[in-house]
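A single chain, nothing else alongside it, follows as structure tokens in the form predicted on its own.
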Amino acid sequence: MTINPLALDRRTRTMMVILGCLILFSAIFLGAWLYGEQGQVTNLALRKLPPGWDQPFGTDWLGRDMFARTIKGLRISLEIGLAAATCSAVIALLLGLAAATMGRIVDVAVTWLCDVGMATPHLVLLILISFACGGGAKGVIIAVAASHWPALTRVIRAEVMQLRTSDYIKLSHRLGKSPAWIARHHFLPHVVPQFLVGLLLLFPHAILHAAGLTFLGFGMSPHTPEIGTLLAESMRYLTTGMWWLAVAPGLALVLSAMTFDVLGNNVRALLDPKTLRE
């Protein structure tokens, strides 16, 4: 048996990219823990300082270190994105399995819900749900989780529909196995890779939309240094030349979302043998 060196190199590069993404996210959480509440400490003698060696992201109008505030804001955004994306992916998994295993009526109902969810403007739906839930972390998580499941539901449903024609699935039916048993023992293990990849690819949307809700005033409390809060606060000071208050948190948010997108695509490539052989 011979090993294709090109495929091995592609797999190694994929693993290195995944490891690098995980190290970056671990560094964010570690940095937020090390800085603690330093981003809340005011020092009027250091107020409105531009980025420099001592303060890489500068300071705000109260002399607070923007680097510490950005790191903590990223940690909060990642936690909210993790909770929202996980809830949304679980909803997609359950609905996708139900649509493919519980008969035509359930399939039509789930398909209709997917069409309605994808046809409704995300921002409007996010604002309505978050406002109805009272805002805050709970409102943001519920809003994002309740609006991001349709696309993944369609992927899982299509995968299970294709799998239903397999011989061992037909044999299970003839042996009298229930649809729930077949879904748990046959369908669920098969769709785990799609679930994991879909979960990772939901992260960028969850993080950006959560920050967008907070920026518009329908999300986190103004006292919570989440990225959306930092961007909203910076709008009042951009005209005074304090550009770093928006640029630093904004770039950190975009880079985090892009990193999650890269992580999801590389995990998908790692789980798909055909991709590694290209």
Partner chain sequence: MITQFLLVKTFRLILLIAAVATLSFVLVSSSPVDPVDAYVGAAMLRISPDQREVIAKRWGLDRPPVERFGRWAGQMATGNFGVSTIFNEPVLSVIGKRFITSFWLMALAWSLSGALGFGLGLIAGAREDTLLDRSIRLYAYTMASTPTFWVGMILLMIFSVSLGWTPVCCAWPPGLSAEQATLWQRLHHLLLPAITLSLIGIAQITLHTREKTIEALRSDYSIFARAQGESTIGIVFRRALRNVALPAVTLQFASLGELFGGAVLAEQVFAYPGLGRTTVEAGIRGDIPLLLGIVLFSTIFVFTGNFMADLIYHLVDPRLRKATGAIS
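Model, not experiment: these values are computed from the prediction. Residue numbers count along the first chain shown, from 1.
Although it is not shown, the form predicted together with the partner chain is what the next lines describe.
Residues with any non-hydrogen atom within 4.5 angstroms of the partner chain in the predicted complex fall in just one of 190-198, 203-211, 173-181, 87-95: 203-211. Taking the partner from elsewhere, residue 79 is found to have every heavy atom lying beyond 4.5 Å of the partner chain in the predicted complex. Contact annotation: residue 120 falls within 4.5 Å of the partner chain in the predicted complex, judged by heavy atom distances.
Within this chain, residue 269 is remote from the site of the partner chain in the predicted complex, having no heavy atom within 4.5 Å. The partner chain is not shown here, and in the predicted complex it never comes within 4.5 Å of any heavy atom of residue 105.
Contact with the partner chain in the predicted complex, judged by any heavy atom within 4.5 Å, is made by just one of 151, 109, 169, 128: 128.
For the partner-free chain shown, 231, 234, 235, 238, 239, 243, 246, 247, 250, 251, 253, 254, 257, 258, 261 of 229-266 come within 4.5 angstroms of the partner chain in the predicted complex, judged by any non-hydrogen atom.
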